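The chain below stands alone and is given in structure tokens; this is the form predicted on its own.
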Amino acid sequence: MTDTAQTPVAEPELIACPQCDALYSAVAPGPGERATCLRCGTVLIAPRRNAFLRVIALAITMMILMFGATFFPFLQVRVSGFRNSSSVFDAALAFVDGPMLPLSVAVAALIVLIPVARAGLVLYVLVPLAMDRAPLRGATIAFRWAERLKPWSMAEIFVIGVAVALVKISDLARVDYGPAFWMFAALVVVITLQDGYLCRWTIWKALDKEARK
């Protein structure tokens, strides 16, 4: 009886569908192609050429737009000769005094702070990778937090809520849209494009590859 050297067999890399938890062997598709879940159709892997650079550009654009959308006039209401304009920052400060302080904090966090923080975390992770450099310290944790904050980033929900409210008050007063309103509308488009270009599997793969070096 002779001893024979056994070559370890590499375990296949697995990926789980975030919607229905179906498990698949991860196979990277070509640029422009997509790997989708056979059960629910969710996109699992969708690599694109220069995706990191595009996501970085969109994240910077989002931060610039969010700054202007927060402090520039959002709406101007005219009733019986009276005129009043307000920004998102003014709306958040309106509840600072008294028991409505938690509401003020929630408005500022969900609409402004969390989207900006998520964009900053994405930049922290992707800028070194786009420059073919090693990730910064704590990049894995930063990207994990960016994903955890995604459900709480509600800038687009705010725009939908404002649209519904405008339908109700349009018969009572004249409403003029300020520059911040259009910036928030542009934010919805930018966030949608960013999520479309962001292939999470590719990012985790790049971070894991660098961690093993």
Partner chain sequence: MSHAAPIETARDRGLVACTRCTRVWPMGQERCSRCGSPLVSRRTRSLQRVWAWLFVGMICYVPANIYPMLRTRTLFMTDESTILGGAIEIAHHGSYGIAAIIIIASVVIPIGKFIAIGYLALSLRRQVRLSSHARHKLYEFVEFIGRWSMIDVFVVAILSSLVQLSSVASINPGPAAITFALSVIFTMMSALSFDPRMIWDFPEDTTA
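Whichever C-alpha set is largest while still superposing within 1.5 Å between the two forms counts as the rigid core. Remember, predicted model here, so these are calculated numbers, not experimental data. Numbering follows the first chain given and starts at 1.
As for the form predicted in complex with its partner chain, it is not shown, yet the points below apply to it.
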Checklist entry - Does the 4.5 Å heavy atom contact test between F158 and its partner chain in the predicted bound form come out positive? => result yes
Checklist entry - Though only this chain appears here, would V107 touch its partner chain in the predicted bound form if you measure heavy atom gaps against 4.5 Å? => result yes
Item to check | 4.5 angstroms heavy atom contact with its partner chain in the predicted bound form for T70 | outcome: no
Next on the checklist: Check I64 for me: does it contact its partner chain in the predicted bound form (non-hydrogen atoms, 4.5 angstroms)?
Outcome noted: no
Checklist outcome for this item: From M183, A51, L58, L44: within 4.5 Å of its partner chain in the predicted bound form by heavy atoms is L44
Item to check | Interface residue in the predicted bound form among A130, V116, L123, L103, criterion: non-hydrogen atom within 4.5 angstroms of its partner chain | outcome: L103
Checklist outcome for this item: Applying a 4.5 angstroms cut-off on non-hydrogen atoms, the residues of 19-58 near its partner chain in the predicted bound form are Q19, C20, D21, A22, L23, Y24, S25, A26, V27, A35, T36, L38, R39, C40, T42, L44, I45
Next on the checklist: Rigid core superposed, CA of D195 - does it shift 2 Å or more between this form and the one not shown?
Outcome noted: no
